[in-house]
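Shown here is one chain on its own, the form predicted alone, set out as structure tokens.
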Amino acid sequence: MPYQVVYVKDKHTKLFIPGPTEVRKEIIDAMNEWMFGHRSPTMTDLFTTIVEDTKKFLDTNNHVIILSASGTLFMESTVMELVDDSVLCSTCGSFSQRHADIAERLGKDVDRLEYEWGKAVKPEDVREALEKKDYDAFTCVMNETSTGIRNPLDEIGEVLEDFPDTMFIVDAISALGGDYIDIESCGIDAIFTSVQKAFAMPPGLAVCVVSDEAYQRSQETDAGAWYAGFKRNIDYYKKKGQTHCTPAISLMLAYREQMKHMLEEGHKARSDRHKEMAEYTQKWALEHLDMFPEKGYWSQTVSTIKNTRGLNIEELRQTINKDYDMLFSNGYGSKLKEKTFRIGHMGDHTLGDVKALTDAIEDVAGL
């Protein structure tokens, strides 16, 4: 019988999976408020606070859209808003492939710049592809959650500077908030995330940062998105300071509380803490097993570790969950399950938290 984690109401299992990640109790408690109208001044105050705090935290003057949804919503809407005909999608794992699949489903002319799972997108390959054909947009994942690859967005952004008519779309779902990125200097037109990853909030909200150029492009589109349309959301925010459809108010209360903590820590300091956890985990992996991703492109928020010792990963997960109240992830999908496992060191975890997990793995696995 396949192993399943059983959750007991009062049992707290500390999550080291690559999302949802651990959420502090005070953030959960922030949701426990009476409801109020989503067209009230209270809602305006709440929503404008979280939007403007997000801009401040990310050091951006670009537009910010926050919607009740999975981050996959913005995989879809960025294509609908910014791609009229053709799009170049770089793929290096499951989630970057999903973006390409969505674009094809929407009827776009999709070319894939494909990489073997575990390999990173190379700027020189992007340049070569863009020189051969005109594209409305180029998509790239910042942090491929399935493989633990971190793509070199700074260098890729430099390439895109030479192709100003090609919109630069970035999936940063498992990176933003845990890995510093200067959105404007990289020339990113649309970058999106989900709050249950490095933001360390409960699942259910998605965030997209949109450049002025992308906002203008979205107004020229014949068949853009409705719910997650850039113009509709940005214009409504400018006019009303609210969302154009009913929001998940309780989650936004949690967002407001967590953003206070994130602002206090600061974008770069938060990134530095994630880097410290990542470097420790990578060093530990090399000592006992091996890293799966290409060297030099290791994620700062999730480590995908190669199972070089033939460990029974599901059994290991079950024991650690039962005896230590901690949970990490098996490898992603049929390609990587049991061949790898993943440790999510993102959100509000500390180096001490990660060390406690690796110590538990050593004890149970006899490393």
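Residues carry their position along the shown sequence, with the first being 1. What you are looking at is a predicted structure, and each value in this text was computed from that prediction instead of being measured.
Heads up, the form predicted in complex with a small molecule isn't pictured, but that's what we're talking about next.
Chemist: Pick the stretch from 123-131, 233-241, 192-200, 272-280 whose residues have a heavy atom within 4.5 Å of the small molecule in the predicted complex.
Modeler: Single hit among the candidates: 192-200.
Chemist: Just to be sure I understand the contacts: of 312, 42, 48, 70, which is the one whose heavy atoms reach within 4.5 angstroms of the small molecule in the predicted complex?
Modeler: Partner contact (heavy atom, 4.5 Å) among the options: 70.
Chemist: Exactly one residue in 151, 77, 218, 145 has a non-hydrogen atom within 4.5 Å of the small molecule in the predicted complex; which is it?
Modeler: Flagged contact: 145.
Chemist: Within a 4.5 Å heavy atom cut-off, is residue 141 in contact with the small molecule in the predicted complex?
Modeler: Within the cut-off, so yes.
Chemist: According to a 4.5 angstroms non-hydrogen atom cut-off, is residue 256 in contact with the small molecule in the predicted complex?
Modeler: Residue 256 lies outside the contact set for the small molecule.
Chemist: So in the predicted complex, does residue 98 come within 4.5 Å of the small molecule, heavy atom to heavy atom?
Modeler: Flag for residue 98 set to yes.
Chemist: Taking the shortest heavy atom distance, is residue 176 within 4.5 Å of the small molecule in the predicted complex?
Modeler: Although the small molecule is absent here, residue 176 would stay clear of it in the predicted complex, with no heavy atoms inside 4.5 Å.
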